[in-house]
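Take a look at this single chain in structure tokens; it is the form predicted on its own.
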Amino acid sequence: MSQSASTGRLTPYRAGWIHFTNVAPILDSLVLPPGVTAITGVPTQMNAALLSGQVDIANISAVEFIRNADVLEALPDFSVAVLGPVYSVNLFHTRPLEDLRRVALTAQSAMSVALLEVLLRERGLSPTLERAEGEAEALLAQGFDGVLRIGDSALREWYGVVGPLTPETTMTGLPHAARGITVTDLAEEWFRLTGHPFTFAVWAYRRDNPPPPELVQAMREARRDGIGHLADVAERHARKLGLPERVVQHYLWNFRYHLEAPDRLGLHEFAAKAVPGHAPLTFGPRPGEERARSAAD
């Protein structure tokens, strides 16, 4: 392994990516710089990989960043956040929320489970939460009152319940219920509760092992390219998902990828509700500050 001129690193810097469609505008065109390798997995796998040291940086669930804020730091300008509906973190249910008795939870995401627990607690509700995997409608047919689904599967299943779009309708005009199934978007519920964005993921690393500047710059350039060619990204992923291009394009342009002040506000509010007494959340140097910090060192 060749030595990195900027970091003096002699071993590979290992990245772990959760490569759902929602980060396609960042990761699809990312070219890793020399000395950086990457693996992919679902959120819980990448959370565990970062905390165990299997990878050095990952776009992990915000709740795991909060729970491990004593050892982790996050990039200051990368997030997966929304203001209002997210379309891919959904509770499918056949009873009103107040009447839920059994809810099936996915083991793929700690973030969605933590958000659901906060929202239920805020309403004073306490249904039985059970681990179970499978599509929403199949689990509902097995006797669950509610099913929590995330990611690309949740987006497809949401559209399967509330779609299709017609030339006269829009994503925001689609119903929240059909065929006896209601779809509650957890990010939309968060917005109703707080009026703030919800930050689902950050790019985190151990404080003693920050990413090389070349990687961070490559990520920023990839994000710029992806957002600048969002229609192309949406078309490509719509084919993979079997969804209309309109659906995927709206889904992607809805995200907030820069961890701006409102996103941090929502993140801190969620942290206070989900992990009381957590260590302070810390973020790395902002764009342009890395070079100044390196020169000072």
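The model shown is predicted, which means the values in this text are computed figures rather than measured ones. Numbers for residues come from their place in the sequence shown, where the first is 1.
If you look for the form predicted together with a small molecule, you will not find it shown, but the lines that follow are about it.
In the model of the complex, the small molecule sits beyond 4.5 Å of every heavy atom of Y13. In the model of the complex, G151 approaches the small molecule with a heavy atom inside 4.5 Å. In the model of the complex, at least one heavy atom of I18 sits within 4.5 Å of a heavy atom of the small molecule.
Although the partner is absent from this view, A132 stays clear of the small molecule in the model of the complex, with no non-hydrogen atom inside 4.5 angstroms. Checked against the small molecule in the model of the complex, the residues L215, V161, L186, V80 give one hit for a heavy atom within 4.5 Å, which is V80.
Across the options 195-203, 162-170, 91-99, 177-185, residues that bring heavy atoms within 4.5 Å of the small molecule in the model of the complex belong to 195-203.
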